[in-house]
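Only one chain is given next, in structure tokens, and it is the form predicted alone.
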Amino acid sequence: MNIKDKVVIVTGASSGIGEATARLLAKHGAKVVLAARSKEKLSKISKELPGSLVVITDMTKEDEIKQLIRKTKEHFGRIDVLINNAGQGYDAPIEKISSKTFRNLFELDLLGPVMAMKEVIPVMRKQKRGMIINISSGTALMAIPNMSAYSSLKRAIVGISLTAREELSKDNIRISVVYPYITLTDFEKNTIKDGIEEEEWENDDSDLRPGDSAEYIAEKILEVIKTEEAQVYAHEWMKDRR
């Protein structure tokens, strides 16, 4: 897909990968819709991206997700790409997982993207074309101690995405998955941690490869828009983890 003049919704657009992606796509001529909970942050970013639209959205609330799709359609008349990027991390050993936290993360990391897909698919089907990109994680390809809860949600979005790709191929709607590696954003700072000492994480991180910038992952997202491939990895070596 040629991104120029396409209408693209980016969730989690107030920082990190979402913000970097919105800026990159706008630079390439896309009409960007910025979705997140922070009105102040989105308003500031929007001023730097001419023609962008801000829709304050909590991706755990179905009525706000419906509003996001409706307002975008009303404003631009179409929706070409949905990028489900909003999410939060959760690190905890199995015996320390909080059922309340896990349920909340299920709402944000999995059910939110699914509800957004559900709302946008009829719009794209009527247009006879569209693309949905779901941001998974390298943890979906690995078995990393203390990350089972988060990894399970990111594995689930892969299964849903690839199945939806098959279901919707007849409608010319492409569903793709992007697997970021460790990204140098505030994601880790905002990750919920239960039953883990900071020193323990410092020791575990010693063998990890260097992280990527948000701008690097944004380039990968642009790549998948152009190629419409089913799966795009931050690094080729990640494919061996499947």
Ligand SMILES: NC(=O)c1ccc[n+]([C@@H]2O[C@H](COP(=O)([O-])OP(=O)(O)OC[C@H]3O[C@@H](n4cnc5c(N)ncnc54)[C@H](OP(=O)(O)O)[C@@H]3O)[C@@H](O)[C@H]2O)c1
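In this text, residue numbers run from 1 along the sequence as written. Note that this is a predicted model, so its numbers are computed, not measured.
There is another form of the same protein, the form predicted together with the named molecule; it is not shown, and what comes next is about it.
Q: Please check if D194 has a heavy atom lying within 4.5 Å of any heavy atom of the named molecule in the model of the complex.
A: Output for D194 is no: heavy atoms all beyond 4.5 Å of the named molecule.
Q: Can you work out whether R37 and the named molecule are in contact in the model of the complex, taking contact to mean some heavy atom pair no more than 4.5 Å apart?
A: Contact check for R37: yes, within 4.5 Å of the named molecule in the model of the complex.
Q: Contact between T60 and the named molecule in the model of the complex at 4.5 Å, heavy atoms?
A: Yes, T60 is a contact residue.
Q: Any of the heavy atoms of G130 lying within 4.5 Å of the named molecule in the model of the complex?
A: No, G130 stays farther than 4.5 Å from the named molecule in the model of the complex.
Q: Does each of A92, S98 and S151 have at least one heavy atom within 4.5 Å of the named molecule in the model of the complex?
A: Answer is no for this spot.
Q: In the model of the complex, which of 160 to 168, 69 to 77, 83 to 91, 121 to 129 comes within 4.5 Å of the named molecule (heavy atoms)?
A: Single hit among the candidates: 83 to 91.
Q: Which residues in 1 to 37 have a heavy atom within 4.5 Å of the named molecule in the model of the complex?
A: Read in sequence order, the residues that approach the named molecule (within 4.5 Å, in the model of the complex) are G12, A13, S14, S15, G16, I17, G18, A36, R37.
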